[in-house]
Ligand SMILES: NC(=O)c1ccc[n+]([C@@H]2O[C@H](COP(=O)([O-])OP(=O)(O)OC[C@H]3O[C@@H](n4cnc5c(N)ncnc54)[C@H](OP(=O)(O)O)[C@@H]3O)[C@@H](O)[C@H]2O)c1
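The chain below stands alone and is given as structure tokens, in the form predicted on its own.
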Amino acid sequence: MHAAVIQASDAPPVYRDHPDPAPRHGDELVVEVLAAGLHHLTRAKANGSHYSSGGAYPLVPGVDGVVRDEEGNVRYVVLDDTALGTFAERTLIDPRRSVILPGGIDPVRIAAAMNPAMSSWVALRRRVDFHAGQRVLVLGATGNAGRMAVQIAKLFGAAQVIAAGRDTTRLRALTALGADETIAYDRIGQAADVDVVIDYVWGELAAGAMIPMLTARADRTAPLTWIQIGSIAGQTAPIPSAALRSARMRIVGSGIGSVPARDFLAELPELAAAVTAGAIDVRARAVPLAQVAQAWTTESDDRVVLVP
């Protein structure tokens, strides 16, 4: 079979022949890969920069995808740490880490949506006590995961969703997806009275936003939950001590480890159903797996999905 293979952390993937997978125990299935998303997590795990990276090479990247099993079932699957990911014609899965999809689904759309959508979906369902009527600020709302977070917060009944980002053109487009207000980062104080922050940026940008937000809150004793999910602006944030003393704010992280694998898996069916039903707008671009080296380093507004 063919697969994308990475030989070292600083090397791009190479499309080449690769041995066919063989089950190592009775629970594993050999499946045909239909579509696999090129996510930020995929790149980070492959180059060793993500905290969950295994650091073993060579490897076939790909953390999830849409596959077909030997019985003809189409599944969305999340892989455990493995050197044989979904950037291949075939791979190995544990069926317990998958959900069978209904007939007629678009594999490319599902593969594009599930990973970025899962970040905010799981955070609001499993990491915090979110309930309908709360107000939400999304930092980094113009990215793929951020624009889905805007939609998911609304889907879960948020009374107000404020989208924050740098690109004014992309921000304006978010009103059609459910954003009640859009703001640039230098106006973050206008989002002071939210209940939840979904943060995809972190770094100095997030740290710098905290004091203006907290000092502008009408009631500093009202709870504010800051959910740290992504770090596109920096891996570390110099959080002012006053931010933790001057208001009732708590910071929590949501991701692999802080959320048990069983909780991620439990949310897969409902999320897949929402994506399939069109409740979440998806921007996807299919690219042949043979072009993986070019796709790996190309920035795109759409989520790139590799198709063997």
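Since this is a predicted model, take the numbers as computed values, not measurements. So that there is no doubt, residue numbering starts at 1 and follows the sequence shown.
One more form of this protein exists, namely the form predicted together with this ligand; it is left out here, but the text below deals with it.
S.K.: So in the model of the complex, is this ligand close enough to Thr91 to count as touching (4.5 Å, heavy atoms)?
M.R.: It does not: once this ligand is placed as it appears in the model of the complex, Thr91 has no heavy atom within 4.5 Å of it.
S.K.: Using heavy atoms and a 4.5 Å limit, would one call Thr175 a contact residue for this ligand in the model of the complex?
M.R.: Contact with this ligand, no.
S.K.: Going by a heavy atom distance of 4.5 Å, is Tyr200 a contact of this ligand in the model of the complex?
M.R.: Judged by the heavy-atom cut-off of 4.5 Å, Tyr200 is in contact with this ligand in the model of the complex.
S.K.: Looking at the partner-bound form in the model of the complex, is Lys45 within 4.5 Å of this ligand by any heavy atom?
M.R.: Outside the cut-off, so no.
S.K.: Quick check for you: of 67 to 75, 160 to 168, 126 to 134, 80 to 88, which stretch puts a non-hydrogen atom within 4.5 Å of this ligand in the model of the complex?
M.R.: Going by heavy atoms within 4.5 Å, the stretch is 160 to 168.
S.K.: When you measure heavy atoms, are Asn115, Ile232 and Arg303 every one within 4.5 angstroms of this ligand in the model of the complex?
M.R.: Result yes, every residue of the spot touches this ligand.
S.K.: Just one of Leu101, Leu205, Ile188, Leu214 has a heavy atom within 4.5 Å of this ligand in the model of the complex. Which one?
M.R.: Selected option: Leu205.
S.K.: Of the residues Ala145, Ala179, Ala153, Ile110, which one places a heavy atom within 4.5 Å of this ligand in the model of the complex?
M.R.: None of the others qualify; the residue that does is Ala145.
S.K.: May I ask you to list the residues of 38 to 71 that have any heavy atom within 4.5 angstroms of this ligand in the model of the complex, in sequence order?
M.R.: Heavy-atom contacts within 4.5 Å come from His40 alone.
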